[in-house]
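Only one chain is shown below, in structure tokens, and it's the form predicted on its own.
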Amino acid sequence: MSSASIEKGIRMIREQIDAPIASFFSSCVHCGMCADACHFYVQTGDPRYTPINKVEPMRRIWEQEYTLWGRIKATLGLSRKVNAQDFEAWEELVYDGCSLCGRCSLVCPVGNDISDMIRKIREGFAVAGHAPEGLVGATRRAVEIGSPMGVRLSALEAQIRHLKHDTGLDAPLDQAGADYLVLLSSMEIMNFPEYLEAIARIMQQAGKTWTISSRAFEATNSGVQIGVSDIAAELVQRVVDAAEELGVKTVISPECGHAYTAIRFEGPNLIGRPYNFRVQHILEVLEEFRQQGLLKTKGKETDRMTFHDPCQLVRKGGVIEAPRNLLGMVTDSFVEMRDHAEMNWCCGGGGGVSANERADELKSKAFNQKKSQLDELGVDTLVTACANCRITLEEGLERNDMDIPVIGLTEMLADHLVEEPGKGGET
């Protein structure tokens, strides 16, 4: 990369250093607890993967430019400025070796949000041209096509036709005034179309109106993953524009962890104003339906099963009780992992790692943490609520010859619905 690109990256990192980040660097006690909370460090034993080390270039810029002792050291030649070699050395740590799961932030004894710091240092690396090719391509497709996987409206329309043919149910496009605007991830459209059927069946039973925007059906926000806030804001704005034009009351984020935090928590800050509609994860909506008595189910699963808590949904979003309440409707054989809920271990594919082919070997090592959790339980079925987790878990289980099916919770719940006469669909 050119020296101009590196300088641009350094300037961008400098711009990310606000009061909270300065306080984080000042308060870090170098205890090492974040290392023990990181699946990349635990499974490799490599100290480079210690979470706080992943933002070392940012720390050096902060020290040299914003602290008296740092300026003295720089003047005396006792510290070295961040350079191109640092970007080359840290790119793999910033992108491949971090899934932005937030477990390090949770355990930090002084409350440092290390995960957010890594998310922000990516802003500088992306600007400097030091981002993985897979994430660069996914982000470009998200901007140009509307989907990081290149999924176009025609593919969604084909799935809707299949839905109508197989079940007699519809997935309405661009229906103004609907109760809910349903977002989908590309993975659900192409890999898990059963999710769309589940939504159609649940909404029918609950008696709710819903729609999908033909212009903004994609929930995935590659701008957040790669670390380019301008692109992240553009992708959020597309959803906001669609929701406001259709006049919906609630936008539903699908079974996708980072899409949920991107649209619900980061979104208003990215576009600089609050929404005039609610944003909920599909599990939050289903939990409301359950509490209102709108979900009627029959039968219980007999397999011994556990739930993989998606990091963004549970640890960062706080949606902890809803999946367990919903599972209680369809199984009496649920068991918790040793580390679960907000302390659950990441699948290893979050934060754009799953879109980064270069990180495959490292991701495979990190998956051993999840494997050890499952080995302890001996379950028959693994349930989750994130399509990205689902794919990563399926890949990891297959690599390790573990015959454990992975099922989405929304899909499982729909499979147990009591279909009411006269409402159409199949039992």
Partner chain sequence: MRTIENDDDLRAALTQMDVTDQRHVAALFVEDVLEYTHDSRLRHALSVVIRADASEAELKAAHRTARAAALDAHARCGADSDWSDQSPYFVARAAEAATGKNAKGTSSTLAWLVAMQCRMATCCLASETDQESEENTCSAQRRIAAEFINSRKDNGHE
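Not measured: the values here are computed from a predicted model. Residue numbers count along the first chain shown, from 1.
Missing here is the form predicted together with its partner chain; even so, the following discussion is about that form.
- Put simply, of 148, 227, 102, 348 only one has a heavy atom within 4.5 Å of its partner chain in the predicted bound form, and it is 148.
- Residue in contact with its partner chain in the predicted bound form (any heavy atom within 4.5 Å), chosen from 202, 187, 262, 212: 187.
- Looking at its partner chain in the predicted bound form, residues 194, 301 and 391 each place a heavy atom within 4.5 Å of it.
- Remark: residue 134 counts among the residues lining its partner chain in the predicted bound form, judged by a heavy atom distance of 4.5 Å or less.
- Among residues of the shown chain, residue 290 is not one whose heavy atoms approach its partner chain to within 4.5 Å in the predicted bound form.
- When its partner chain is considered in the predicted bound form, residue 357 lines it closely, a heavy atom lying within 4.5 Å.
- Although the partner is absent here, residue 375 lies well away from its partner chain in the predicted bound form, with no heavy atom inside 4.5 Å.
- Of the candidate stretches 136 to 144, 316 to 324, 78 to 86, 245 to 253, only 136 to 144 contains residues with a heavy atom within 4.5 Å of its partner chain in the predicted bound form.
- Of the residues in 149 to 169, those that come within 4.5 Å of its partner chain in the predicted bound form through at least one heavy atom are, in sequence order, 149, 150, 154, 155, 158, 159, 161, 162, 165, 166.
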